[in-house]
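A lone chain, given as structure tokens: the form predicted on its own.
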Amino acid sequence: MKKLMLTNEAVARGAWEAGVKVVSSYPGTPSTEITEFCAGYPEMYVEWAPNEKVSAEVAIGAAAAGVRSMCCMKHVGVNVAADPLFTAAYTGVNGGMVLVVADDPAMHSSQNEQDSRFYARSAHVPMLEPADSAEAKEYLKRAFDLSEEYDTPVMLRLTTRSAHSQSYVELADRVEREPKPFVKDIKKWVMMPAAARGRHLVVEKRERELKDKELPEFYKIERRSDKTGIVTLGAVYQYVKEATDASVFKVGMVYPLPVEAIRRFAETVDELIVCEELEPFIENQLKAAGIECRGKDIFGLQGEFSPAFIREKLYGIKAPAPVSDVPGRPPVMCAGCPHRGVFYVLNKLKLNVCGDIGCYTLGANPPLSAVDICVCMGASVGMAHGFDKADSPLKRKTVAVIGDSTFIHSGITNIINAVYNKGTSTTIILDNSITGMTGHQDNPSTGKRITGEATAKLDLEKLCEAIGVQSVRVVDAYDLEAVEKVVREETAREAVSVIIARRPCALLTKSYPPAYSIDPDKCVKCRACLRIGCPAIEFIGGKVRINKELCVGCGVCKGLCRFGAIKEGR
């Protein structure tokens, strides 16, 4: 039986068919749906972990216990999971373990454009990269076989386009597997220096074996021209086939690379071109092996490829520019977003704002223009402490802003650090009761697991108090007067303080209060209500109006109008 599947769904199906028992992940676009689809299979235990390091460690533990396990994350998540990943390459596995990573060329929803292939090479673990949904399912199943055969974690790499594309997938039954017994062996499992030195030799031997074997099921040659040969992989393989008539060497095992097979292919064509997104990962390895080729001098290092892009770069055929009168539509906070009012207040008070990853990053955009710096998850709290300890002129005018899920992910340790080192920074936790931008996943502060099952609910106030935060204040994010009052008081405090601005994400409920409207007789067109940047408030034909189809009745705008022109209902 065949089914049209999203590649992320096909990965989940492959895990189920392969007999995977444990899946632990942290949500991150474009990988999130894999774990959500996994949760639909009752035979697998599936969880959202607080961060990617935890998810990798859970998967490592489950594999050591003798069952097949998987963890999924986006490319920047591997930065967080790298510590356990690198050492798990030394210990090896028992049951198979696969880490699925989704890179984001062109940074559709990411803060950088890093290339996860280098992690496989640096950690000395095999990496596979499928080109479509069908390959994704089969490659994942094969990855578990490789993991157990070679006693190693295996990485499976997707990109935004491959993760979110669809193709037909041949379905198969699940193969149940008996857990392998865990055998105590400190030379294998306990990475003290003496044992680790011995295991490093095992890693080198395994890598040589994989290189020598080449595994021809993970590459494919399509002969179409003696003039040009293109080495490519993943989604770009589809583009190359559409855009060129060149012969193609499709790479399926990204690391270790089948260098000698590519050398033999290169000998059959006049020119060899490497067509790969992001870094010259394959190109540099081929050049180091003495194989003459080109690549990044043609295509560059940034962004996504497409058939039109490849045609232009290889043949100078430029696609006509699309003609459209539709204006650009950058992402904005939703109508009724509880973050909006907080950022309005921070802008009003002219504070220096260290932002974080998530919906609240949008607070950098006009008209709110509140966020001044954003680096990575959890960094807002640490950066605010850095401003504090740098004795910057902005010292007591700096606040950190972070969401509830991100605070749990990697903000907690920064608060501990600030308290321990006698800081005076203020952190605002924007608690919208969900993991928002990745699509409403539960986290430890929501009181529900990925399956919807009720569980212990993390109390953020008690957690901060237990850490030693001297002042923990909770405020309604919609109450701008209260938000302003609390922010003024806490930024004046000579100690670490936390403000929890709490109000659920406006998209969590469909039961909204009546929409607001503007009384044209009272409106003086001062446009103060526009300063909050709510998409439901429109300025058309010289008049301000509230779009009742978008308004969720939060009432924040009413507090901004000094003339009483904004009222509930029509």
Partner chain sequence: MVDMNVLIVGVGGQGTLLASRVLGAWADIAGKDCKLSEVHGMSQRGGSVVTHVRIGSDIAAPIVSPGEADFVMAFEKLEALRFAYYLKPEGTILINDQEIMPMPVITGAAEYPEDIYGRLAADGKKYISVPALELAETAGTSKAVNTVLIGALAKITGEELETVEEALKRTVKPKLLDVNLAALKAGYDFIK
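Positions refer to the first chain, counted from 1. Bear in mind the structure is a predicted one, so any value in this text is a computation, not a measurement.
There is also a form predicted in complex with the partner chain; it is not shown, and the following applies to it.
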Identify which of L507, A65, A515, C526 has a heavy atom within 4.5 Å of the partner chain in the predicted bound form; exactly one of them does.
L507
Heavy atom within 4.5 Å of the partner chain in the predicted bound form: which of Q470, T451, Q285, S167 fits that? Just give me the one.
S167
Counting only non-hydrogen atoms, the one stretch of 246-254, 178-186, 291-299, 307-315 within 4.5 angstroms of the partner chain in the predicted bound form is 307-315
Looking at the partner chain in the predicted bound form, do all three of E17, D145 and V269 come within 4.5 Å of it through at least one heavy atom?
no
4.5 Å heavy atom contact, H440 to the partner chain in the predicted bound form
yes
Can you work out whether G40 and the partner chain are in contact in the predicted bound form, taking contact to mean some heavy atom pair no more than 4.5 Å apart?
no
Answer for P50 alone: is it within 4.5 Å of the partner chain in the predicted bound form, judged on heavy atom distances?
no
Residue contact check: E242 to the partner chain in the predicted bound form, 4.5 Å heavy atom
yes
Sequence order please: the residues of 513-551 with a heavy atom within 4.5 Å of the partner chain in the predicted bound form.
L530, G533, C534, P535, I537, E538, F539, I540, E549
